[in-house]
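Here we start with a single chain on its own, the form predicted on its own, put down as C-alpha cells.
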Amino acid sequence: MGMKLDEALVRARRALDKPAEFGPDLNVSEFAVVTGGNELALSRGRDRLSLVGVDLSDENRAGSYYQVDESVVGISAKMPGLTVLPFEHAIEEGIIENYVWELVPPDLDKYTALNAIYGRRGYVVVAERKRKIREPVQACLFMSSPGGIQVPHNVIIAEEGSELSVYTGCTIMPEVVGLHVGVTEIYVKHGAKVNFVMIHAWNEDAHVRPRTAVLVEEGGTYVEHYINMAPVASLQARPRVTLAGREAKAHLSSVIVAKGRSLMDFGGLIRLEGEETRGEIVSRVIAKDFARTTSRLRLEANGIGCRGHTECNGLMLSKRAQILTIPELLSSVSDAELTHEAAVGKLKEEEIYYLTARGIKRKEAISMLVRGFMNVRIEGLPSKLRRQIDLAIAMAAAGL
C-alpha cells in the first residue's frame, strides 16, 4: 500500500492510548470493526436516512457513495470531470498517494490511530481542473451493527478552478451502540470552491469523533455547514482549515441541537496564513434536558491584511442543560482584524406571547422562534443544498 501508509501505521500504533485534546475520553477497546454491512440494512434504515436527507433514488445528484458499517454498498459518478471512488481503490490506483495523512496526522490521538490501522473504506471525490460540478455528490455513512466501529477515510480534491459540493448524511440505527471515527482531508486548489455539508442524526448510545482538515490555496473558497439534530452519547469535533494562499476564504457554520444527556465538544479552527485571507466561524447551539455543550471557535492570524470573525449564540431550553462558549483570537501580525461575538440566552416570553396572541399554538410558536434562531445564512451556497439545510433545521425544531 506504499511507504506512506506503512509509516502511518507505525505512528498510529504508538498513539492508541493517546487521548484527544478536548472532549471525554473513551475506552476504544470496547468496540470492534464490523464488515458485514449490506444494502438490506439501508432499506431497513430508510426512516433514519430520511432524517439526514439521504435520497436512495440518487435523483439530482452528480454522484453518490453509500457505506454501511465497514462495507461499501453503492457508488456512482454521473458527471464528466467527476471521480467518485472507494478509498481503497483510490489507494491502489495511486490517485491519492500525495494526499493521504497529509492534513490529519495518524497519531493526532487514539481515534485517528484507529482509523489509520483499521480504516480501508471511505469515499474519494475529485473534481477535475476547471470543472463546475453543478449537482451535489451525496455520501451516506450508516451504522447498523451493535458495538461496531466505523472508520471511513475520506479525501476530497477540487483541482484548480473547479467547483464541487459534497453532501454527507450520517446516521445510526436507533438501538445500536457504536463508535464513528471519520477522517476527512479536503484540498481546495487555486481558485477552486468546495461546499461541504454534513447532517448527522446519531442516538443516545453513539460516540462520534470526526477528524476533518482542509487546505485552501490562493483564491480558493471553502464553505462548511454542519448540523447535528439528535441526541448522542458523546461528540467531539474541531475541523481545522488552513488558508494558505493569498485571498483564500473559509466559512464554517454549525447548528447543534443537544438533547437528553448528550455531551458535545465541538467548534472550528481557521488559520489565516496567506495575505488578505478571510475566515468566519458561526455557531448556533440549542441545549435541552441534561445536555452539556462546549463550543471552541478559534482564529489564528499570520498573514498580512487578514480578517476573521467568530460568532457563537446559545439558546437554553432547560434549566439543567449547560452551554459553554470559548472564542479564541490569536494574531502574530499587526494589521490583522479579528472579532468575536458570543451570547447565551433563552426564548423570550413576550415573543411567544406575540405569536400566540395571533392564533398560533404555543408549541408551534416556540418551533417558529427556534427555527429562526437556528437559521444561518451562507452566501453562495447552491440552492439545493440550502433547501436541504432548511428542511433539516425545520425537522430539528419540530422535535424540540
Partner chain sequence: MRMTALYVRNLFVRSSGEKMILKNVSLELYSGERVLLLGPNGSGKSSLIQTIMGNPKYEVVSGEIYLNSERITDLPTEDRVSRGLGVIFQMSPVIRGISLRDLLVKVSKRSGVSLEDVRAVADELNATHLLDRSLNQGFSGGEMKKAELLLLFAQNPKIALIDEIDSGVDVDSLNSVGKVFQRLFSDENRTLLIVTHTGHIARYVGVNTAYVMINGRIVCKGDPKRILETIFKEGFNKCLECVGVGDEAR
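Numbering follows the first chain given and starts at 1. The term rigid core refers to the most C-alpha atoms you can superpose between the two forms while keeping them within 1.5 Å. Note that the coordinates shown come from a computational prediction; the quantities given were computed from them, not determined experimentally.
The form predicted in complex with its partner chain is left out here; the points below concern that form.
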Heavy atom of Lys361 within 4.5 Å of its partner chain in the predicted complex: yes
Check whether Thr356 has any heavy atom within 4.5 Å of a heavy atom of its partner chain in the predicted complex, and answer yes or no. yes
Interface membership of Glu341, its partner chain in the predicted complex, 4.5 Å heavy atom rule: yes
Although its partner chain is absent from this view, report whether Asp55 comes within 4.5 Å of it in the predicted complex, heavy atoms only. no
Answer with one of Glu311, Glu224, Asp265, Glu159: the residue that has a non-hydrogen atom within 4.5 Å of its partner chain in the predicted complex. Glu311
The unique member of Glu59, Glu337, Glu350, Asp47 whose heavy atoms fall within 4.5 Å of its partner chain in the predicted complex: Glu350
Out of 369 to 377, 66 to 74, 25 to 33, 47 to 55, where are the residues with a heavy atom within 4.5 Å of its partner chain in the predicted complex? 369 to 377
Is the C-alpha displacement of Lys361 equal to or greater than 2 Å between the shown form and the other one once the rigid core has been superposed? yes
